[in-house]
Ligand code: ATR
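The chain below stands alone and is given as structure tokens, in the form predicted alone.
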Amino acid sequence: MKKYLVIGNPIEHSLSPKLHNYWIKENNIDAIYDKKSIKEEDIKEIISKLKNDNISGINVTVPFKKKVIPFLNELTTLAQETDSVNTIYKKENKIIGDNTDIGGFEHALKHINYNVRGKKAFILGAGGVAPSIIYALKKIGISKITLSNRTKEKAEFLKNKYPDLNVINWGETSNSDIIINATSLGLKENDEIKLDYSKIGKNKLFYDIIYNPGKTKFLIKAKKFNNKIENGKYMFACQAQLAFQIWHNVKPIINEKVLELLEND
């Protein structure tokens, strides 16, 4: 039986095992998928298990999407462009890092028929999934991206990669069409993002990468100001679908039953 897992810290909230094990069963694949909370010093050992065929594939979540890179043999173009890896596999005795977050976010926007072409985006957060969001938005025609991060150095690091990025201080507001929470703020019940919603206006799209819980304070407050809201559930399903396809050479179906699996327990 092949073994797959998602690594991160925190990892309790992850519904990856629920989703992947459902698809594994639906497609009659002899495999199991688990989750593991690790520390940075555990990365080398986990990757060596993949090299030794004790594990067949790994998903990576916060805060290790960049930290796993030194332990890999090769990166796909998307992983290289973003310095971000969320899917790892072995091919021809090489350990490859890939990025399915980009495709996941792109498909999620298509799913809600949201066209970003010519619009302005405001991204909160510079780590984890942020480079993938920036890459996807630029690819599909965004006109301007403003970014804010609690640690400004991280935001400036991304600006070096994407020079046309507009960086502002944490707590400042940008007049934008789509506001994206790419931080982990919202995973805990008392988490709150300091944002002046009144300055942003109405009828904007507030998108939270977090999918569990389904409604963070970020989204609840945005709704009170008459904005459209969307959580990261569909993006999560799409990036998982792409990872599943890489590992098993099968494209699993995303339907209502799958999306119901991702509702809060």
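Quick caveat, the model's predicted, so the values are computed rather than measured. Residue numbers here begin at 1 and follow the sequence given.
Beyond what is shown, the protein has a form predicted in complex with the ligand; the following relates to that form.
For the residues H107, K90, R150, K119, the 4.5 Å heavy atom test against the ligand in the predicted complex is passed only by R150. Though the ligand is absent from this view, in the predicted complex it lies within 4.5 Å of a heavy atom of just one residue from I133, I145, I179, A126, which is A126. Residue contact with the ligand in the predicted complex: P63 places a heavy atom within 4.5 Å of it. Remark: W170 counts among the residues lining the ligand in the predicted complex, judged by a heavy atom distance of 4.5 Å or less. Among residues of the shown chain, K154 is one whose heavy atoms approach the ligand to within 4.5 Å in the predicted complex. Among residues of the shown chain, S174 is not one whose heavy atoms approach the ligand to within 4.5 Å in the predicted complex. Stretch-level contact analysis of 76 to 84, 182 to 190, 134 to 142, 98 to 106 against the ligand in the predicted complex, using heavy atoms and a 4.5 Å limit, identifies 182 to 190.
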